[in-house]
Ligand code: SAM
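Here we start with a single chain on its own, the form predicted alone, put down as structure tokens.
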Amino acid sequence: MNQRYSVTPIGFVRSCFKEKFAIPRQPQLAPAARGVLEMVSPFDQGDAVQGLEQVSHVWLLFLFHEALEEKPRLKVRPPRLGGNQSMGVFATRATHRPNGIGQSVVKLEKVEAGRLWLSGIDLLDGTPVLDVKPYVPYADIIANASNGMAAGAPGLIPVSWDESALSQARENALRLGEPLVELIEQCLAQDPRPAYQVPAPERRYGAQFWDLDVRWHYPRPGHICVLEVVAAAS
């Protein structure tokens, strides 16, 4: 049976992540990662979120809008496995989905008519959201669940700062009203580079958080040093 269905976003995320590089590979790994789900009509009315103020976390169903593909993939190469090992697409959470659908459980910080304020997100700015569902602890926590490929959270690596970069981050944190230092440390500690890539000390990496370019390098294996936090090029 070949049936087609159409879906329409109920809103779009305004996120601290302006590009895919350095976004945590799962939600909740960077609690300082914040954003706002801005609803579209008719869901931008208070009636649509009535009662949600009693909920601490929500599931977001969304589209990987920058990874949509016409030809389905049966196998993918998960970053967690180094990008060199193929797995069946349904055994992974890779962005290359048959219908481009992702899901994340995020913390609900504040509820307003037409807006949900979120933290612990792993969503790119502009992500279309298809649905919001309340997290239900007694049903959503499975005590004896297992996953042989992802038994625990990824290991973290130390993050240090060039003195001037830390000063830049603190100044911009005040301007933005955001926990910028924590956001950068939480994201970089997960080592966003591809697992198969061996970084040279002289190589610089960069990613955009909010309206800022953050640049860092690996002065020695298993260690990151933030070099600068500057205004992103327009």
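Numbers for residues come from their place in the sequence shown, where the first is 1. Not measured: the values here are computed from a predicted model.
Form predicted in complex with this ligand: not shown, discussed below.
Would you classify S119 as touching this ligand in the predicted complex, given a 4.5 Å non-hydrogen atom cut-off? Answer no; every heavy atom of S119 is more than 4.5 Å from this ligand in the predicted complex.
Is R73 a contact residue for this ligand in the predicted complex, using a 4.5 Å heavy atom cut-off? Because no heavy atom of R73 falls inside 4.5 Å of this ligand in the predicted complex, the answer is no.
Is it the case that A67, even though its partner is missing from this view, gets within 4.5 Å of this ligand in the predicted complex, heavy atoms only? Yes, A67 lies within 4.5 Å of this ligand in the predicted complex.
Determine whether any heavy atom of Q208 comes within 4.5 Å of a heavy atom of this ligand in the predicted complex, and answer yes or no. Because no heavy atom of Q208 falls inside 4.5 Å of this ligand in the predicted complex, the answer is no.
So which of L166, L63, V55, A195 gets a non-hydrogen atom within 4.5 Å of this ligand in the predicted complex? Partner contact (heavy atom, 4.5 Å) among the options: L63.
With this ligand left out of view, which of H223, R25, R14, K18 would have a heavy atom within 4.5 Å of it in the predicted complex? Selected option: R25.
Would you point out which of 138 to 146, 111 to 119, 153 to 161, 90 to 98 contains residues with a non-hydrogen atom within 4.5 Å of this ligand in the predicted complex? Answer to the contact question: 90 to 98.
Do any residues of 108 to 125 have a non-hydrogen atom within 4.5 angstroms of this ligand in the predicted complex? If so, which ones, in sequence order? In sequence order, D122, L123, L124 come within 4.5 Å of the partner.
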